[in-house]
Every structure is written in structure tokens, then in C-alpha cells.
Ligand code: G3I
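Single chain ahead, written as C-alpha cells, the form predicted alone.
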Amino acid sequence: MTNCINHFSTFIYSLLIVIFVLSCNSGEEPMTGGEMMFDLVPPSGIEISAVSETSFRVEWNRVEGAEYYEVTVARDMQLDDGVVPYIDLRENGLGINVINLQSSTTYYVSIRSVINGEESSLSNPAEVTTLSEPDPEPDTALKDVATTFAMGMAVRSSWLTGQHDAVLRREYNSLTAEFEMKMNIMYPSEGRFDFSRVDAIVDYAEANDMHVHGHALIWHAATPDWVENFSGTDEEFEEMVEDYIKTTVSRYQGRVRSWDVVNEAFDDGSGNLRNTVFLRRMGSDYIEKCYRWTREADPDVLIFYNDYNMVIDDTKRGAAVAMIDDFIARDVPVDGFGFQMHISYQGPSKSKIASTAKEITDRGLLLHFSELDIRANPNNNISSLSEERAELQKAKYKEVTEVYNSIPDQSKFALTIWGMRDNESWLLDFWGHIDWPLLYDEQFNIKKAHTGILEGLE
């Protein structure tokens, strides 16, 4: 009995050994913690975006375990006509910008993943066609379409030659001096006037059958130091201002069509009179005095009040309109109101512009959209003028023009663009970042914004 048990134990032990040996020779090795197995597959989810005339962006989904990807761009589906440098271009990320392409051309993009030095097959090609080169913007002259009011531009005396001259003569029939018809330029020191730059602008306008809108006789931000620190009595100060206005206005009688006599007299938000040297030395009726002196110097000149934020600052506009109503009631000379219109593509809305314009035209006054520019980059969130932003800017220029073109003819005066080229705009220094607010780019090319005005005039 004991022998049988021993034989059976030996059999079981031998059987266990055979099973162990067979399992070790089965070809399956245990996975250690430092080794992972990944599927060698090409990326999926290939997406094409930001397509332009010469570029696009391609992105793809991550492949588990991929060390990098190889991207190929070609002009044919078989990828034989590859585009340098996008032939097996190594990329560690999940997207690239493909640039320097031809417009109106179809391209194919295929990508492989690389795992442990092994390349996957290529993905199915993704197809994309670059955009066509845009048609040039129409170069129809603004003044030829704006038949019921003047088309104006802000100028400097140095902008009356070369390409500036060519654009001015083709586009516009009204000029406003950007800053050279202000007190600090025309009356730089006590007893000494300097009208040299004004003469240049007025002479140019007359030679080219253009109006001149004078801007601006009194403005707190263009007051010479000697006026701010005037040493005489208040009575002598007032006499000096009267002499300045009458000397200037009479010099250009019959040659300057209109004047912004006082510019930006009210504080933002409150509608209080701005605390200027003119208010302090001449009293709260200083604006009325300046308007009366202007009319005395030139009985036929048109007299305007001009200010900014007139569409969006209801309190400020209300104060200015109340002053105008008082002037009308008391026969203080005033003919028109200037809305500066320094706005952005985001607003104000067309309906708001129209309703505030109606407040002026309902009073029988002339309305001047006097300093129109439209920022395309108010939030400083783009580094170049995109197609989308240019279209939005164009749409806002069209809205502004449609509003102005629809006011009663007896209230139409002029629509004045505040500058010619984007790179020359005062807004770049004022806001401290790049923008493209005007109708022409740096190379004097017509922009979509210009087309927006043309469409608004149709």
C-alpha cells in the first residue's frame, strides 16, 4: 500500500513538471512594467481650417504612443507632386500652418505616425483648395457718387503732393485741416500769427475746386501755453480771443466755407462745460461770444459746434443740444452740428446713429459727420487685418453712410474721413497699438472700407 502511494505521488510531481515546461515553451512571454504595445496606425480626424489665398492650417488627432508625425502636402492625390518643404515633414505637435502656396489651387494632405522608429501607413489624403485672389475693390470716386453733399478728408499741408495729391483730387471735394487750423498753430506766440500752413491748404483747395471746413478756432487741447498762462486781466484775455477769431475768420472770408468755432466744450458723462481757460477767463457764455464774433467777421460763413461720442453719450449730447436750442431761441448764430464719428466696427448700432442724427436734423440744422474713422482692432486682438474683420469694418462704413445719405437733403453738409492711409491715422498713437481704420492701406491701395461707403451711397 505504501509503495502505491509513493508511485502516485511521483506521477503527480512529474505531471506538474511537464505542464510547467509546456507553458514556458508556449511562445508567450510575461509583460513587464516598462514595455507597452501600441497600434501602428496613421492619425485620424484630419481637419483643414483658416484657408486663405496662400495658406491653410491642418490639424489631426493624437495617436497613442506616437513619437512624431510626418506630414506630406502635394498637388495630386497620389502625393507624387510634393510641395517643399512639406514632404515627410517631421512634426512633434498636432498641427501646422502650411504657407507660401498658390491661390486657386487644390492640395492634398496625408500624415503618418512614427512609433518606436516604425512608420505607419499614410492617412487618406485630405483635400483643400486655396481661395482665389480677390477682385480689386472698385475705384469709383466717392465725390462722384455723393451728389447731395460734400465728401471730405482731413489733411496736412505736407499731404498735398505725390500720391496723396492724386487720391485727394480724385476722391474728395472738401478738406479739413487735421491740426493746422487750430490756435496753437495759427497763433503760436502773443502778437504773432502764422497762417503759412493754412494758406497752403486753402490755396490747394481753391486750385482744385474744393471746399475748406475750418477746424477748429477754440479747442482746449490746442491752446498755446501763452494763452493758458495769459498774464493780463480777464477783460484783456477776452479782447485777445476776439481779435484772434476775427483776424483768422476775416482773413479767409469767402474762402473757408465753414468753421468749427468751439470744439469739445462739454465733459464726458456729466454734460458740464469743460473747465478750460476760456471758461475760467471769459465766463459760461464764452461759446456764445465766440460764435457772435465769427459771424461778425464773416456774415456768410457756416458755424458749427463739433464734439465726439455724440451717439453713445446721451448726457453729453443732451447738454450740447440744449445749448444749441438756447442759441436758436436767442438768435445766437449757429448753422450746424458735427458728430466726430470716431467709432469701431463693433458699434454703435445703425439704429442708434440714425436716432441721434434725427435729433439734429429735426431742428433744421446742418449735420456734419465730421471725423469718421472706424477701428478694426479696438480690442488689440489681431496682428493683421483679416478678411473677416475687413468685411465687418466695411459693413459699418456702409451703415454710417446709409444713415447720412438718408437724412433730409436740407440737413446734408459733408461726410469727412479723418485721414487717408491706415498708417497715418492719429488712432495708432492715441491707443498705442496697430489698427487699420481708414479707406486706404499704407501702399495707397483701396480697401473694403472704401467699398462700404460706395455701397452706402447707392
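Nothing here was measured: the structure is a model prediction, and the numbers come from that model. Heads up: residue numbers just count along the shown sequence, starting at 1.
One more form of this protein exists, namely the form predicted together with the named molecule; it is left out here, but the text below deals with it.
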Note which of H342, R251, R295, H164 lies within 4.5 Å of the named molecule in the model of the complex, where distance is taken over heavy atoms; exactly one does.
H342
Which pick from R75, R156, R281, H211 sits with a heavy atom within 4.5 Å of the named molecule in the model of the complex?
R156
In terms of non-hydrogen atoms within 4.5 angstroms, which of the given stretches 351-359, 214-222, 143-151, 111-119 touches the named molecule in the model of the complex?
214-222
For the three residues F179, K182 and E264, which mark the spot I'm curious about, does each lie within 4.5 Å of the named molecule in the model of the complex through at least one heavy atom?
yes
Partner contact for W426 in the model of the complex: the named molecule, 4.5 angstroms, heavy atom:
yes
Close approach of W418 to the named molecule in the model of the complex, 4.5 Å, heavy atom
yes
Distance check, E371 to the named molecule in the model of the complex, heavy atom within 4.5 Å:
yes
